[in-house]
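Here you get one chain, nothing else, as structure tokens; it is the form predicted on its own.
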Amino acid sequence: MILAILVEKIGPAVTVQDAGWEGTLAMGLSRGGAADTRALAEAWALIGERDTAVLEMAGMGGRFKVLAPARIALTGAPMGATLDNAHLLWNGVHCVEAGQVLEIETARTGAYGYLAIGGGFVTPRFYGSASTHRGAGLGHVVQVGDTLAIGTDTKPDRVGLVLPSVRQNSTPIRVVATAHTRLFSHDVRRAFEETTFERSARGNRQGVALETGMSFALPGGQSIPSETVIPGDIQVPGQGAPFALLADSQTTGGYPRIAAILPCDLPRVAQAIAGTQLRFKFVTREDGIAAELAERKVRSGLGARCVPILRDPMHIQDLLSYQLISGAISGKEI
């Protein structure tokens, strides 16, 4: 039995991702991994396996022929999905038979959708991660004709589940101060919190530009020595428009950093499409740590939040095979 799926059609930026790297900054390699770490955690919760590699679909998915029985989970930015032309529920885990064709369309909202599979996608690993980091030349963009190998599924019976959304997207994105924040005047820091930014069309997995009519340029900021930067840092280049770093960011930079986004809120920035309005709010280091601990608790409990999918009888093609009445009644019992 061939445990794999065949890529028949694919979007322009579909890559294999997992949680990325730890402890590689000194090598010049940033965290990488899934742009939306919450969506990755949701995929793992649905599949019931951790640390497996998934497909990250930027903007659109593709068409895949499954060559062996498998389980799949769909999370992240909602995309239209069908299995042999039958609709699939997003944020759910489903059973797929050998020979069936899975088709995933463009994102309806958000930027990154995720396809997980029982056993995970098996690709070469570098320093423990199977993630694709295009800037570092690691991994590759999935192409038509690729045969993606699948690992051994440890929980083949975990199917027919959906994970209700537990995200909060209406509040300002929380940030903490960096070593450079105090270099910006009080008025500039206050304006940063009061300004509604718009996610620019300029952006990718390395970072996104935040547009507004105001310049946040720091006088003399171009003379700051290059320092270590990480995903979540908000740099202010010379033209004054902030730039939020994402998963594939560089590891050093000389632009002043006005703030740093909490890791638990960074998926909201990653999923913002061009034109999305974003607000930021400074929180204390202590509040930031508390928020991160709370997010860890939520993610650890995602598996328990999965509930059975309630199927719409209108969409059950084999409805007549179900025993809908368990016995006969006379109509006089009431």
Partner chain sequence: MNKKTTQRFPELVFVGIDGVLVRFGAEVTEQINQAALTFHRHVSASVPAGVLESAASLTAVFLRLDIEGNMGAALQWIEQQIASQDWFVSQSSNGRHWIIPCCFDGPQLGEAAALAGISEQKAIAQITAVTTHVLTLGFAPGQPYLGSLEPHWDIPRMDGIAPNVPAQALVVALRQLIIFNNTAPTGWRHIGQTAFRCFDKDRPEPFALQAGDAVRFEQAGRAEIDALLKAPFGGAKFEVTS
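Positions refer to the first chain, counted from 1. All figures in this text were calculated on a predicted structure; none of them were measured in a lab.
What comes next is about the form predicted in complex with its partner chain, which is not displayed.
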In the model of the complex, which of the stretches 192-200, 72-80, 154-162, 245-253 has residues with heavy atoms within 4.5 Å of its partner chain? 245-253
Can you work out which of T178, Q100, T123, N204 has a heavy atom no more than 4.5 Å from its partner chain in the model of the complex? T178
Proximity to its partner chain in the model of the complex, single hit among I230, A209, A217, V188 (heavy atom within 4.5 Å): I230
Residue-level contact is defined here as any heavy atom of the residue lying within 4.5 Å of its partner chain in the model of the complex; does P225 satisfy this criterion? yes
Tell me, yes or no, whether L29 is in contact with its partner chain in the model of the complex, where a contact means a heavy atom of each within 4.5 Å. yes
Determine whether any heavy atom of R50 comes within 4.5 Å of a heavy atom of its partner chain in the model of the complex, and answer yes or no. no
If you check in the model of the complex, is A149 within 4.5 Å of its partner chain, heavy atoms only? no
Relative to its partner chain in the model of the complex, which residues of 255-271 have a heavy atom no more than 4.5 Å away? R257, A260, L262, P263
